[in-house]
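Following this are structure 1 and structure 2, which are two forms of one protein chain, each written alone as structure tokens.
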Structure 1
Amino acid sequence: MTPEAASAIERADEVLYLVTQPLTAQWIERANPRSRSLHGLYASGKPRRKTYAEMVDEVLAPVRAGREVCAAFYGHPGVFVNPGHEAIRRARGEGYRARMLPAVSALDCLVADLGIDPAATGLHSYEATDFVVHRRRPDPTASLVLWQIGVVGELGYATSPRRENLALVVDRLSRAYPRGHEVIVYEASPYPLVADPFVLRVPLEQLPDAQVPLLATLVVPPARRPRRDRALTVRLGLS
């Protein structure tokens, strides 16, 4: 957590939070006793859009009552956090001051743990279900990050990744990558002092049978080098 985020949590009149780790929840509640979790708004069978809208309302209600509110979401509050963006947009629309503080996302952890520098290979990322459903075309010369690989095709509560859905991801990827291409199943450690990240390297075709944590992200390293355009290299004076 950045010092700015910690101080925003400590100073707020009210803190609403959504985190995955019990120790993080405990830390927030200790840092500010006027904290409560938004997790209770999830319910099986309830449409997610409704849950997200309710989260935004929960955040905005005390704002409208003149209180200083901090909404804390795990990782970066703007990365795959619909209510994070929406709460800011609505608050500003109603004339309140609202600001998102940047934080450390799973992508940042991945760059550090796996030693992937986006400058060296290029980097593109998709949400895994979106990648399949929209027939996204990966660029096999750049690193590819697929978010939410553990919950492909899920609409509610998931307990373990579905093999058949991971197979659909493999199908899609194998149009651009050899089936034996090594991919990396990655889970960052929220407790880096005492636990290592989970890093599993498997051939693409074995992904459906691999141990994929629900919270994992998939990394597909480049399969080949990009081709240089000679004419453009010359025009840029790079040759």
Structure 2
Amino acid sequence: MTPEAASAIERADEVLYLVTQPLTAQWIERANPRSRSLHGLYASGKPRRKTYAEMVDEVLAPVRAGREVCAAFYGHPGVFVNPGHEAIRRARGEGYRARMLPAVSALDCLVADLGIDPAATGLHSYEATDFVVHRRRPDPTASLVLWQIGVVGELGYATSPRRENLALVVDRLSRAYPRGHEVIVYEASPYPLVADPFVLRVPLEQLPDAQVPLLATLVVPPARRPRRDRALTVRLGLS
């Protein structure tokens, strides 16, 4: 959490939060006693889209009542957080001042923990379900990040990854990568000063049987080097 975000939580008239760690919830409620969780809006079998719509309504209700509201989401509030973007869009549309504060995202942690430099390898990323159903074409010469592989194909509230859906991810990736290519199952540490991140390196074909946390990200390192355009290299004056 950045000092800017902490300050926004502390000074708000009301804080609504959605976090995955009890210690984080405890910190928020100590920082501002006028805080309450949005987690109760989730329910088994309830479509995620409906839950997100209810979250937006919960955030906007006190705004319309004239209070200064802070909505705090785990990770980055603009990365895979539909209610964050939608609440700001609707608030501004109704004439209220609203802004999103940047945060340390899982991608920032991934770069640091795994030693991946996007400038050196190139980087492309997709949400895992989007990658599968839209037949995205990966570039095997660049690093690939697939978000939310633990909930591939899930539209509701999942409690554990479905192995058959992970197998579909493998099937899609195996069209561009060898089945024995090493991939990395990653989850950033919620407590980086006292706990290590989850890092599991496995061959691609073994992913469905691997220990995959629900909030995990899949990192696929490059399988080969990119082909250099020699003519353009000469024109740029590069050796």
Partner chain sequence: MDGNGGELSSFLTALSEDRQLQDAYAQDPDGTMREAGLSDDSISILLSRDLGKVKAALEEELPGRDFILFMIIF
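Just so we're on the same page, residue numbers count up from 1 along structure 1's sequence. What you see is a predicted model, and the numbers here were worked out from it, not measured in a lab. Each form is matched to the other, and the largest set of C-alpha atoms that superpose within 1.5 Å is called the rigid core.
Where the criterion is the form predicted alone, structure 2 meets it and its counterpart does not.
Here residue 46 counts as shifted, since its C-alpha moves by at least 2 Å between structure 1 and structure 2 after the core is aligned. Once both forms are fitted on their rigid core, the CA atom of residue 6 lies less than 2 Å apart between structure 1 and structure 2.
Taking the core as the fixed frame between structure 1 and structure 2, we note the C-alpha of residue 231 moving 3.2 angstrom.
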